[in-house]
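For reference, the chain that follows is the form predicted on its own, supplied as structure tokens.
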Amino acid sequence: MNLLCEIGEAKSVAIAGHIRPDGDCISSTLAVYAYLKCARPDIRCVVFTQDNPPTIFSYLEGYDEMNLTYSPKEKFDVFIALDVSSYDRLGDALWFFEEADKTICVDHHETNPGLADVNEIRPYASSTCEVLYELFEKQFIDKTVAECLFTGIVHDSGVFQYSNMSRRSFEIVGQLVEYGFDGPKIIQDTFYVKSYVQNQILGRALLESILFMDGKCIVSMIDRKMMEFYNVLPKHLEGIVNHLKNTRGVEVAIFMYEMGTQRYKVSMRSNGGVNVATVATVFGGGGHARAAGVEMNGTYYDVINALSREIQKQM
């Protein structure tokens, strides 16, 4: 795909990622925003986001300009969906997607069926930001764009440790750092540094985790009462599932938090023996072979039993 050619003579472009945005989502939307400001300054661009994006990414240019209100309701010439694998993941941005004259989707989730008029989906890329780097014309990549792309790759690869990092991924990271931003500081401040409360809730999650399936699976759950006690939001729970995954002997880690009465947001990580995207897809979710998510209804035990049945099929 030639992104600029697909945008063509558009005068207005809407940009959005998925609900409950993570590092790759926020970084990819702001990367496209900065790229178009450089390549096509004549275009009016609006970045939509929701759920109060984590402030750890506030150093990225354009963060303070994102539209959190989804107003006014207006029609755009082009809508670019980033890191979005299904329509429901667009949340309130879906209205703008459906009303746009043309839609473009750039993603790296293997469960993405192709949502838009034009799709660029690369399941073997480390992140949506890696896909964007390949689509961007290099003369329009500046320090601002490079910083966004680097941040997205860092977060969706677990600081380069996940299996989705390829030789090409590392080559791209090497090219990005040449733009002169402080990469080590970005990694430290946005990936490793946690608030005291975040460390407390992590401790509770680890303390109350349970091994099952002969120690090959581990699960932990945070309910709304506990979230209220520690005064934490869903965005403060990111990364807990990765700590669970690092338990010796574990093949699959499951972390879930209560969204509402008998409704849970479930994150799964695999050490390679189980394709958790396949598991998530059974229940309407999606993701990657080693990292996937889904929202499920039922009691805590209903959810675990249902997931266990699907995981067992791959054991």
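Computed from a prediction, not measured in an experiment: that's the story for all the values here. The numbering used is simple: start at 1 and walk along the sequence shown.
One more form of this protein exists, namely the form predicted together with a small molecule; it is left out here, but the text below deals with it.
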Quick one: which of 42-50, 278-286, 59-67, 26-34 gets within 4.5 Å of the small molecule in the model of the complex, going by heavy atoms? 278-286
The small molecule contact in the model of the complex: Ser85, any heavy atom under 4.5 Å: yes
Residue-level question: is Pro21 within 4.5 Å of the small molecule in the model of the complex, judged on heavy atoms? no
Using a 4.5 Å heavy atom cut-off, state whether His109 contacts the small molecule in the model of the complex. yes
Find out whether any non-hydrogen atom of Ser270 is located within 4.5 angstroms of the small molecule in the model of the complex, and reply yes or no. no
